[in-house]
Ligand SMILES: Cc1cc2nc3c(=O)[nH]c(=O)nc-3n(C[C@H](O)[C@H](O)[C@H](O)COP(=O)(O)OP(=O)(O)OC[C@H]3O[C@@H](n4cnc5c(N)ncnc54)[C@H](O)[C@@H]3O)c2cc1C
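So this first bit is one chain, no partners, the form predicted on its own, shown in structure tokens.
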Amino acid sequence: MRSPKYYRGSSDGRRPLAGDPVAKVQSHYDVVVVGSGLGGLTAANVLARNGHRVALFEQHYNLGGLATWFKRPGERTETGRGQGHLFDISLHGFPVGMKKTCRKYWTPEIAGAIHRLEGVRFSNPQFDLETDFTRADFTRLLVEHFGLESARVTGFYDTLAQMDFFDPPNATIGDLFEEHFPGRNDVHRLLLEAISYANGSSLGDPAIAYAIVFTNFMSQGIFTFRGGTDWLVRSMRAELLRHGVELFHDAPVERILVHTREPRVTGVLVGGREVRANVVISNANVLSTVQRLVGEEHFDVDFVRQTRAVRLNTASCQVYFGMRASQGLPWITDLLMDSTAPTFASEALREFPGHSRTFSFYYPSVRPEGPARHAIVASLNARYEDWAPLDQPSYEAKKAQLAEHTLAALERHLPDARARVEHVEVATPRTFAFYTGHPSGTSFGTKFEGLDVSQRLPEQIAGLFHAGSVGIIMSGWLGAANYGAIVANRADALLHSLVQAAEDPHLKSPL
């Protein structure tokens, strides 16, 4: 039996810069977008399509934020190097609403590449079942497998539908579950475990946050992009360039500039250069935006206090398995929620080395063009503080321990996994912090209260907007893209009012 190769190279390293990344930057734009997550990309596309001059600065060498990928070499064969491995960081699933969003804000071709996952499986000591993750199938499972009355299940769905986003978030997810399914930890597990993996939600989070995410997914199942993240980002890049967006990668923004006497943005500092803009949209974490990129001294005391009270969401670890080209991967399922924990507790998902994880299986159908690649990505919720203080030898040892523990878990579903796996690599909260700049390596942004801070930024500093992972708007990829569009429309209105003020001397400029 051949052992898989544990790649130590570089989920924590970055390639060197080539030349001056911002050599061609202009002195002034209508809009500067800081960061290229799906929110930033969508905002840039909407504003450029509306005729504004847009520059986007990304600190990484790839666009996409966490919606990205990386490649690794494959084994050498008699004819030379193998086909290699390609891993998606976060292409694990989103609701059907992404089709409408991509048609409206991107292209029909991008929307047309979205297709539904064939299988979603739960495997744990309380139940082992397959579902298509639709409302109809969940209703069937709750009634037939879990023995609940149909009226009780319908009442639960009705409660979710009646929740008002604008009401104070008093009830928690735990309250909601105990009201409708008291003492049924197995039911709570079915209803929340997948969402906990996806965005770090816990039983103590607001019920409204859960209601929006759950009902989105319960529409028609879980969807993904055929072609992979690499195809998606290349397609988005082409669309941005077609609309005239100027894209700069390897270009971290050092500061968002604010007028010394008036509370309004004037541009950004990037590569030691001042780039002027009427509007700045930050796609960084909202705490990083306020505290690092702008500086708390530019905000009201009460707003600063509110910002400091915002809680970060959890981070994650990922273990990447590249399969040998000669052996590939048999059909198991698309998405597997695997756990050995006897009962469900959302907080326990973050324990190391962990009893629970999500396996995403990538078959050649995900990338129908090119080599027939098979890969598996295991995602685990994690705590940054478990990884941050480690010295390098301890850090590498802990990564190897996690890889071995996860491979052993995979063997329960794929007994000959060790013979099939050629490449193993681990990403940790430190990895995500390094590549994204997110504080504590958070993969899911902030808790619910971060949304209000994000939306109030233009009230504090005119022309400053934020589109990032905050609360319930951030229902994964769909929420990221939609929030980017929402912010772009608000910025567009401001820019048009500036034009009107310039043309009519009787109008007061909004800046």
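A quick note: this is a predicted structure, and the numbers were derived from the prediction, not measured. Just count from 1 along the sequence shown to find any residue number.
Below: the form predicted together with the named molecule, not depicted.
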Partner contact for G93 in the predicted bound form: the named molecule, 4.5 angstroms, heavy atom: yes
Partner contact for Y435 in the predicted bound form: the named molecule, 4.5 angstroms, heavy atom: yes
Close approach of I114 to the named molecule in the predicted bound form, 4.5 Å, heavy atom: no
is_contact(L47, the named molecule) in the predicted bound form, heavy atom dist at most 4.5 Å: no
In the predicted bound form, the residue from N482, T446, S454, S443 that sits within 4.5 Å of the named molecule by heavy atoms: S443
Segment that reaches the named molecule in the predicted bound form - one of 312 to 320, 104 to 112, 145 to 153, 395 to 403, heavy atoms within 4.5 Å: 312 to 320
Within 199 to 232, the residues that have a heavy atom no more than 4.5 Å from the named molecule in the predicted bound form: none
